[in-house]
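Take a look at this one chain, the form predicted on its own, written out in structure tokens.
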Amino acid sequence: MNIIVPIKQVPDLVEELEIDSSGKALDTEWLKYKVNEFDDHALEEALLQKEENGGTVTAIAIDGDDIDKALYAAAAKGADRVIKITGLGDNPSNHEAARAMANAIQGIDYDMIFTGVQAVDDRDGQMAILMAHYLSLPHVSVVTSVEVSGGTATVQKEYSGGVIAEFEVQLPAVMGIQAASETPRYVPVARVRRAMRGTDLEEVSAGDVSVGGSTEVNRMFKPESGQGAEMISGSTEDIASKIVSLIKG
């Protein structure tokens, strides 16, 4: 069972986010990045499938700040092959990124592609769907369970309200992974350093990514602060009367 896992770096939300002078993007000068949480789950599910069914796991990412480290960390966790896509430029849209991914994996033998179901810096969360489109493959997203038998995968998809549906999907296929069957494994820094010394980081060109359908940011701004909460004190009758007057406006 050969699985490809696209991964990306996203802003670490524990950091204070600032808007740049254009008012259309984050100021990235001091911004710290981390692997997208859902991509981490996608990689973990791929590694679990490899351990259960054999095969290989290939981690692939678009060139960017610290992406080499993220790919080496994937190798340290158990990925057999790591690939960096170059020549795409800064801040590609999901459409461009998906097309670049589709171009880059041409010629690679795979049965499934596991992407994270979404990312904190996306405005459309459509990577799995777009990759499936460009590769002409079936797709299921918000996946919480994958079981493979022969050329078919039985997957569970979560809907709003916790409703779970089960699908049978002919392989190859693209899955948008919401949660791996187990918590993503931790990899120590020493193992990542060993991977840096012993892993071949392949580079491939993004190729032609002339696609439409992307969106454009006109303005970014921080939410405006309200007046804050008002604590109501007094007797039960006084509090009830105050609430009624507030509701009436």
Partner chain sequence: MSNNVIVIAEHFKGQLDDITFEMLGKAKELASALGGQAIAVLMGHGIKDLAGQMGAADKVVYVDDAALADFNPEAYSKTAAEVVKAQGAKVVMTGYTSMGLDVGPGLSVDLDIPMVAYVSEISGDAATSSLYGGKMNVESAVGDSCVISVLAGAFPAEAGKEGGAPDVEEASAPDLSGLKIKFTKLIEPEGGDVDITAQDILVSVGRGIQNEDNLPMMEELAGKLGGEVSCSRPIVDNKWLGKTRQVGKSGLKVKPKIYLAFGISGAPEHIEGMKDAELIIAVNTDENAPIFDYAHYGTTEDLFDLVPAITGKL
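Positions refer to the first chain, counted from 1. Note that this is a predicted model, so its numbers are computed, not measured. The term rigid core refers to the maximal set of C-alpha atoms that superpose within 1.5 Å between the two forms.
Just so you know, the form predicted together with its partner chain exists too; it's not on screen, but the next bit is about it.
- With the partner omitted from this view, the residue of Asp80, Asp122, Glu147, Glu96 that lies near its partner chain in the predicted bound form is Asp122 [heavy atom within 4.5 Å].
- Its partner chain in the predicted bound form is not approached by Lys84, whose heavy atoms all lie more than 4.5 angstroms from it.
- Remark: Gly107 does not count among the residues lining its partner chain in the predicted bound form, judged by a heavy atom distance of 4.5 Å or less.
- A residue is said to contact a partner when one of its heavy atoms sits within 4.5 Å of a partner heavy atom; Ala102 fails this definition for its partner chain in the predicted bound form, lying far away.
- Although the partner is absent here, Ala190 is not a contact residue: none of its heavy atoms lies within 4.5 angstroms of its partner chain in the predicted bound form.
- Comparing 181-189, 199-207, 62-70, 49-57 against its partner chain in the predicted bound form, the single stretch with non-hydrogen atoms within 4.5 angstroms of it is 181-189.
- Shown without its partner, the chain has Gln156, Lys157, Glu158, Tyr159, Ser160, Gly161, Gly162, Val163, Ile164, Ala165, Glu166, Phe167, Glu168, Val169, Gln170, Gln178, Ala179, Ala180, Ser181 in segment 150-181 as residues with a non-hydrogen atom within 4.5 angstroms of its partner chain in the predicted bound form.
- After superposition on the rigid core, the Cα of Gly213 moves by 2 Å or more between the shown form and the other one.
- Once the rigid core is used as the reference frame, the Cα position of Glu18 differs between the shown form and the other one by less than 2 Å.
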